[in-house]
Ligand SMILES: C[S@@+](CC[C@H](N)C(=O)[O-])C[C@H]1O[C@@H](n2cnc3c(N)ncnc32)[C@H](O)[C@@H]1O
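Below you'll find only one chain, the form predicted on its own, shown as structure tokens.
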Amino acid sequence: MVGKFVGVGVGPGDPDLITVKAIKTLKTADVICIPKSHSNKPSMALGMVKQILKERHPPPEMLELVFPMTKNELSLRKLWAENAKIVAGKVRTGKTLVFITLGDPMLYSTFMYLYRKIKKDYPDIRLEIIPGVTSVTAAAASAQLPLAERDEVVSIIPSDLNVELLKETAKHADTLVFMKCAHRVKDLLHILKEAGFTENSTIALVKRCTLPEEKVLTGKLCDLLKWDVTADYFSVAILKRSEFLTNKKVDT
């Protein structure tokens, strides 16, 4: 028997946005790998696929893999090695393991670190990646705001990007997408204006995208100061250099 390790993107939050291929894989996998930042914390990704897994008889094996939110490289590398060893051991018994992750496995995902470790240390393991709907594209859809048209350039800004690099990136982008750091936009207003964005540039703030508590704000950059832009890990801000007519109601 030949097993494999599969990274499956389960989308931004709404279970209806999980792809058909992802569902088929979840219905047949021997083991579901559940990434968690802490052993006692619930997994949002697991919550999104629970209904799919409930329909399985017998249920698949559930394997929790802990990846704490830390920047200690030594601790992280040790954990990646330990988790990779666990995964490889199960795959070598002929089992198919599915690693569920929010959004897409290849965009700012925990899966990538484990994927790299397995690919390097266990080259005999079969690997597969099933893409998912990203929070970037889902937020654009919720805000009804195009990410790019014609030859426009899109830049994605991660949470810890330093100010100087952000300033240089913003100079060359037509659209900026702030992932997991939407709360920084208000503080960076002067930098964005220095990079060529104006008060009439279009901005959208999407909190808890596609979830029941989703909140969408759209308007001009000059409106930003009036908005409640509090820290929320599941917030995405989209800023377009041009002015775009939005028809989404602004809820302040």
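Residue positions are given as counts along the sequence shown, with the first one as 1. Computed from a predicted model, the values in this text were never measured in an experiment.
Keep in mind the form predicted in complex with the ligand is missing from the figure; the text below concerns it.
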- [ ] Consider residue 122 of the chain shown here, and say whether it contacts the ligand in the predicted bound form, taking contact as heavy atoms within 4.5 Å.
- [x] no
Open item on the list: Can you tell me whether residue 84 touches the ligand? I mean in the predicted bound form, with a 4.5 angstroms heavy atom cut-off.
Closed with: no
TODO: May I ask you to check whether residue 211 falls inside a 4.5 Å heavy atom distance of the ligand in the predicted bound form?
DONE: yes
Open item on the list: Can you tell me whether residue 234 touches the ligand? I mean in the predicted bound form, with a 4.5 angstroms heavy atom cut-off.
Closed with: yes
Open item on the list: So if I measure heavy atom distances to the ligand in the predicted bound form, which of the stretches 172-180, 147-155, 86-94, 122-130 falls within 4.5 Å?
Closed with: 172-180
Task: Residues within stretch 8-35 having a non-hydrogen atom within 4.5 Å of the ligand in the predicted bound form - done: 12
